[in-house]
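What follows is one chain in structure tokens, specifically the form predicted alone.
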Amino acid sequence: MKVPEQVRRLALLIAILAGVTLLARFVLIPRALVSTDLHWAEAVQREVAKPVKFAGAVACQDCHEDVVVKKAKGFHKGVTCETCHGPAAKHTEEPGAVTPPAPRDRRFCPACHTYDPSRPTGFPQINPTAHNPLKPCISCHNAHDPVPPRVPRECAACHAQIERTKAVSSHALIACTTCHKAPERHKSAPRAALPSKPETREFCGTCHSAGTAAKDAPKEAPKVDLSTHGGRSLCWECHYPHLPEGRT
């Protein structure tokens, strides 16, 4: 059986490409560009050759034990000293000659504490423009144990974004404590004592059920038949409680 001309040409082309690839891979391209072992070895040599800049938290404890102990009990216990004070290797070598910087203005702390919706719930966040304008953070907060000088009286002190959203919704006049029961300790240790959240459809039904709404429920509150509306879904799977006009 005679092999078609186009098949022979295709086979020849494939053979040429394979040969060029092998030639480039093993002859033309330097081993340093493709060898993982060489890359790792050179990377290690390059990093080892760099001067040591960071001393490590253990070195700080040798001279600042009181501060380290205080920080270990506070909200900043997971933040290393050099995160805020910068590399301290030279300071440990010559404590009297080299002093590490200490942030004392408003620009440093907001790098972590300016409101960002991607941060976890309960993480302390502020609006730097409105929160104690122009005052340095350390004028109210001890950086090593940054508890608020006064326990917040309003939920908006920590949940400003939620408060701003709720303020333009039909739930604007509903107090946070109507739906959330917050233990007193939540004000001083928010992540250790979490507030409760409604867990059943019947909770929203106290105002919005067509048949069983509470007597003091607002007459203008939209009414639905809980037995059919939304099937078995929980109310907040479709409606955002702080802005129920919009659907998730």
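Just count from 1 along the sequence shown to find any residue number. Predicted model, so just to flag it, every value in this text is computed and none were measured.
The form predicted together with a small molecule is left out here; the points below concern that form.
**Message:** I'd like to know if residue 191 sits close to the small molecule in the predicted complex, meaning any non-hydrogen atom pair within 4.5 angstroms.
**Reply:** Yes.
**Message:** With the partner left out here, check for me: in the predicted complex, does some heavy atom of residue 115 sit within 4.5 Å of the small molecule?
**Reply:** So residue 115 does not count as contacting the small molecule.
**the small molecule contact in the predicted complex: residue 220, any heavy atom under 4.5 Å** = Result yes; residue 220 sits at the interface with the small molecule in the predicted complex.
**Prompt:** Might residue 67 be said to contact the small molecule in the predicted complex, defining contact as any heavy atom within 4.5 Å?
**Reply:** It does: once the small molecule is placed as it appears in the predicted complex, residue 67 has a heavy atom within 4.5 Å of it.
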